[in-house]
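Encoded as structure tokens, the following chain is the form predicted alone, with no partner shown.
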Amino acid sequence: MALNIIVCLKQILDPEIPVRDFRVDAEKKEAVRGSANLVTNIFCENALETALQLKEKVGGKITVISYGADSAEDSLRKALAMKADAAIHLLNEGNPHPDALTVAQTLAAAIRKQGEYDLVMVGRESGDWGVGQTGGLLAEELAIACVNFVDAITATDSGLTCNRQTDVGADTVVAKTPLVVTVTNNEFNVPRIPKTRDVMMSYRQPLTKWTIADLGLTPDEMNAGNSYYEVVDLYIPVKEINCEFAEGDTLEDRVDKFAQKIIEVTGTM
């Protein structure tokens, strides 16, 4: 059963940035890019790798979609180098903090516009805000079922057999297409590294670009979700550690002073 698969990709700041280089703009309530690279969210790459393995077994087509600024093209080119078949860039035209509902509405409009599909795959959550709601909201927008925390998929005559991780282990879900799945990581869906030649060839492949107007959405619709919650403050917690040394000429003196300090702090004998 060949499958028409859609994989949604999100570009984020590299979460591996050294802690000492991580900064927050308190006024804009966002992380400062600084020297950090922009990378594809790792769970989205797990989703793409799972899709590639599924296509290698049953055939079909993989289309990658990303909603973001011009830089999102880098994530799409990398996906093409990994052997995705087509790429669609949904241009973010001035919404600096699209919430999960806005993203889901945009992706749903693009998925409907691109035509028929069997399976939509997204990462279980993003490595920046970690909201983890886009997959469920996207399924709601498309009016189809959603299976969460999937780490492997097998196509059978009965449908798609999804292995999903749970708090106590794993279970198996058999679902009919069309279907949305949110993908988590395991040892078998580690993203492959594209060959240098494929990276170079990816820049020769066509890339479809759609604006919000192309999707039939209005600016008001694009900002509707932003009224549901507000980021009141964003800061890096400051952890203060006050350290005192128990001093004395002998070990017994230091132990006595240490014991006195415990009594002073706790107020007990």
Partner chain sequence: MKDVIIGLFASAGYDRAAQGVAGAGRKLAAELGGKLHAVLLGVADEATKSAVASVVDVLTIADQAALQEYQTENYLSALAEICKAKQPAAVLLSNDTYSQELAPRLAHRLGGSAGADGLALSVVDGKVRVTRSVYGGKAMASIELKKSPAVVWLRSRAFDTAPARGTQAEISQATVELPAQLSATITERKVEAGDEARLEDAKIIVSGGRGLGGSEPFIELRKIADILGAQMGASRAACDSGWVPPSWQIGQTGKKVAPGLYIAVAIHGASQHLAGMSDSKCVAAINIDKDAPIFKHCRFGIVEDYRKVVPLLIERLKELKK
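In this text the structure is predicted, and so the values were computed from the model without any measurement. Positions refer to the first chain, counted from 1.
Heads up, the form predicted together with the partner chain isn't pictured, but that's what we're talking about next.
Contact annotation for residue 197: none of its heavy atoms lies within 4.5 Å of the partner chain in the predicted complex.
When contacts are judged by a 4.5 Å heavy atom cut-off, residue 2 does not count as touching the partner chain in the predicted complex. The shortest heavy atom separation between residue 157 and the partner chain in the predicted complex exceeds 4.5 Å. Interface membership of residue 213, defined by any non-hydrogen atom within 4.5 Å of the partner chain in the predicted complex, is ruled out. Exactly one listed residue, out of 84, 146, 108, 119, brings a non-hydrogen atom to within 4.5 Å of the partner chain in the predicted complex: 146. Interface residue among 38, 201, 217, 31 relative to the partner chain in the predicted complex, by the heavy atom within 4.5 Å criterion: 31. Stretch-level contact check against the partner chain in the predicted complex with heavy atoms at 4.5 Å: of 38 to 46, 53 to 61, 66 to 74, 203 to 211, the positive one is 38 to 46. Residues of 228 to 243 lying near the partner chain in the predicted complex, listed in sequence order, are 228, 229, 230, 231, 232, 233, 234, 235, 236, 237, 239, 241, 242, 243, the criterion being any heavy atom within 4.5 Å.
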